[in-house]
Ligand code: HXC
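The chain below stands alone, shown as structure tokens; this is the form predicted on its own.
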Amino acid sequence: MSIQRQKIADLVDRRASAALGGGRERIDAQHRKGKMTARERLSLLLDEGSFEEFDMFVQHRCTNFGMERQHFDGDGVVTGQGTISGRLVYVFAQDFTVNGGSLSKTMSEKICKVMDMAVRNGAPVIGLNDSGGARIQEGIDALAGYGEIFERNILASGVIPQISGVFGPCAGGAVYSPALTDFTLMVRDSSYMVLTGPGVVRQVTGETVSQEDLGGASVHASKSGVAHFAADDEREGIAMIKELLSFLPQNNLSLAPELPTEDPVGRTDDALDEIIPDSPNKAYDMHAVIGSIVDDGRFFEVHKEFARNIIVGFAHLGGQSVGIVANQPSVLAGVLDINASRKAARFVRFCDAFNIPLVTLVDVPGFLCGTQQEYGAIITNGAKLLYAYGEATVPKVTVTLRKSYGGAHIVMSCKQLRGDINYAWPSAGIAVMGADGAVEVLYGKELKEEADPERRAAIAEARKKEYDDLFCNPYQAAQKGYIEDIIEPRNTRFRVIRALEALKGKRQEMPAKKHDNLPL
């Protein structure tokens, strides 16, 4: 064999060895836990044959605590580029079989390199996390590595989509990278995110809690809101990441790809004419409205289990990718509270950063009241959503279905927050408050002075009808130009798509500034 052929054979052998990460025994241990390896995950995520790996032969430089005898090519993370449905993406996947996926300085340099390439070339970056945290043997160097990753998360924010998949442990400082990205997905029963583990919690607070109950996927998807998606297994999680990407543009200077559909633009749905209950206090499911108007009934919901009184997610309308924000009357009557405001504000700001038009479906009786909300800063959190809509320059189409009361009316993409096209159904009521509250404020003294209970009830009903006739309808708002038109519910799909088509050439700029001061 020639020297050149021998060198090629040696390269092939070394690549094969590097591809095994920490070795067959550790790979088998990963599989016994029901988990895939880093390379298996990337194989599922990327188009077949599209992955080009970078820095396969990088090794750590640590000589502390015997680390000079523990060298693995790749050093615990697989990085590179590939395509998903033909679109370029940059990826990194932590390899738990190598030192538990713990982060070293060289590992952080590999991750930073692909993040820099993603920003420079205007393509999404997807990180698959499965790591025990900072590599203790490297001390401050490992912490510096995390800091460099976080800084790139910050600089890339609003420039390229950043998606995190948590497929194993993610603890301590490591949690901040997924927290800084646009979307975070976790897997039930096999991934967790915690700043401090159960042992530390027990030591400090005396509280006994399991890893899953402290920072598992279900907890972060439903209670904290840290996770936007919770998958039942890794295959489902990777499929969700790929579906999410189909709604997103490559970067902040491009548009999301259009998706051809055979769903007619002019399709009507008579069921929408009957969906609003006769009683203003009766609930209905806003998902039915969304499913009726979007292309092929396909709606990709974000934060599905968190703050369910508001719905956010992606869909296509006439082939165009849109972000949908909608109150959910079947949960807490659709009121806005702290979590709902934060959830919707974050989503609105993402859509605005990446040129995705916003469609808002309104049925909101107001903000949730009570000491818990006031002490928790509902004022500041509600202002986040107001700020997000007022700041957004993407096309904004709003449809008011039923209630739109008080400050919540303003917050939900009203005309004064630069809503472009605002429609209302005939069932809409746009007012400072509902009839019950209004009559109590306006006629409370008169009603108290009436001694006869039957007559008092009759007066109250008459006053409510008077108020309903005057305010609890869309006509006053239409007369003042606060809504463009009152539309038949059955025609909502057609009217929204036509509005979005008209707004494709929208131009709107913000005043020059270093940056805003969102009420955090």
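A quick note: this is a predicted structure, and the numbers were derived from the prediction, not measured. Counting begins at 1, following the sequence as shown.
Not on display, but discussed next: the form predicted together with this ligand.
With this ligand left out of view, which of 405, 350, 146, 425 would have a heavy atom within 4.5 Å of it in the predicted bound form? That would be 146.
Between 153, 81, 320, 102, only one gets a heavy atom within 4.5 angstroms of this ligand in the predicted bound form; which residue is that? In short, 102.
At 4.5 Å between heavy atoms, is residue 134 in contact with this ligand in the predicted bound form? Residue 134: yes, in contact with this ligand in the predicted bound form.
Touches this ligand in the predicted bound form: residue 173 (any heavy atom, 4.5 Å): Close contact exists here: in the predicted bound form, residue 173 approaches this ligand to within 4.5 Å, heavy atoms only.
Does the 4.5 Å heavy atom contact test between residue 32 and this ligand in the predicted bound form come out positive? No, residue 32 sits far enough from this ligand in the predicted bound form that none of its heavy atoms falls within 4.5 Å.
Using heavy atoms and a 4.5 Å limit, would one call residue 169 a contact residue for this ligand in the predicted bound form? Yes - in the predicted bound form, heavy atoms of residue 169 and this ligand come within 4.5 Å of each other.
Using a 4.5 Å heavy atom cut-off, which stretch among 126 to 134, 304 to 312, 286 to 294, 213 to 221 contacts this ligand in the predicted bound form? Stretch 126 to 134 is the one.
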